[in-house]
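Each of the two blocks below gives one form of the same protein chain as structure tokens; they are labelled structure 1 and structure 2.
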Structure 1
């Protein structure tokens, strides 16, 4: 197609999937634009320590994000943070991407909008956000040096957060609604051997209490087996109870989603809309950085090959 466009590829979301697509797209010589309403790195940037990305035995989420940025920029990708994509006009060519900071025409779009933190939806949670309620230990943990804090959840995120905080805080309560963790074995081993962490099992948080001056002061809890209610004094509550997909844009433009609100893609990361691809945690998968990177890579390569014409791989669908 000989129509001129501002970019060859626009990537919505600068997490590991989007940045991998940007690295591949720009290295293939495509004029590549990455837009993110927050910043490079996505949720991975808020992870304290990444220990399972092949080739890095240990790297902080922030450093990983910075490396992704430098690598994509080195190959010529343009990265714009704090820019929200509000709509995509994809029923004609070229595609028009409408943002909070102008419109861009492009040949293809990769949606890698990822996920966001799930909320507890209890009294006090929103009132004390930024005053003791946090969703990111790496971002806010240092504020609670030598203090007593709580982490809520039992998955990989909660355990990673609690391990990070155990090096900063005096004591970490890990409050989980079951009597066992769902985090992977190696994380479980680490946390069960960390003396600063005390587990409060079978327990939910019913309210987060405090005042405007001091911020969070305590959490009200309830044991779901015995019904017993209690109050735990903490200076901060780190909530790590899972994620919800950032799928508003996908919904708006008519991309097919599965029952969990994730974008259905074929094995080459194509969505149901021609020239719109999706990759990373917004698609069904394992929620791993390495998987997101692979999917971003696949999306960029298949977009590139699709624009050269022809169905290169067939259309096996991944519905999750």
Structure 2
């Protein structure tokens, strides 16, 4: 006889990766629970328009999130929002998931807690998010074809964003608080030879201006060496100053992280802890919805097959 559990699979995080895992897990006949301390959709739900997900020429982030919910629920997944997972006891089988509203036992856990973008925390940033303020050039760059845009930052992410936008926008300002880039040398060589990109060094953004009808119109800047203030007319601002991994839970239970605080996984989305998988932006990757969906799918299928075979985890899981 198998060991009794509340669920076969518990998924922590209801972004695209977590919801893809829920769809596959429930379709395979597993009792599947999705928990999120906020709401279904993750960062994707905050995106005004998604244009680069296969099969949708255009869909709002909110509608995309609602479709994910309906599809997962159609196959029997249970989704609970506003529930925070505070701990996972994974040193014995079944695993115990401890939350702000109770405890659940499960065979496997998939962590898809995602990341948050680092913000400038300046006036206008939150007001114009989705109306000219973006954190993803490959997501929103096409909306500003032949327009003038700005990229904020000087690392690999900022330079990559600027290079992508240089093929889309009419002109790209790269605004950086230092007098040199921090990006890899190969990226620096590429961008320094790109005529569509103009650099504004030693400068910070103090305010993003615009209106509710036209969106972003300009950024107010300040040179940190001279104190000189200026403004640059742009139609969009792409902020690329880093991400903050939501890795507190992973740290707490001893999951291996890389130098950027992201969860290390193998090709099957396994972590270093048996029966714990990870998928989506909390793992190293491209930060795209389509990639997250693929990783969530892989994690769910891997977990299902691992539990059926049990070779990787040992004899105890064969009774699950």
Ligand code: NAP
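Note that the rigid core is defined as the largest set of C-alphas that superpose within 1.5 Å between two forms. Nothing here was measured: the structure is a model prediction, and the numbers come from that model. Positions refer to the first chain, counted from 1.
- The form predicted alone appears here as structure 2.
- When the structures are compared between the two structures, the hinge, where C-alphas stop matching one rigid part best and start matching the other, is found at 243 among 243, 76, 89, 285.
- The angle of turn of the smaller rigid part against the larger, between the two structures and from C-alpha superpositions, comes to 54 degrees.
- On the core-superposed pair, the CA position of residue 175 changes by 7.4 Å between the two structures.
- In this core superposition, residue 159 moves its Cα by 14.0 Å between the two structures.
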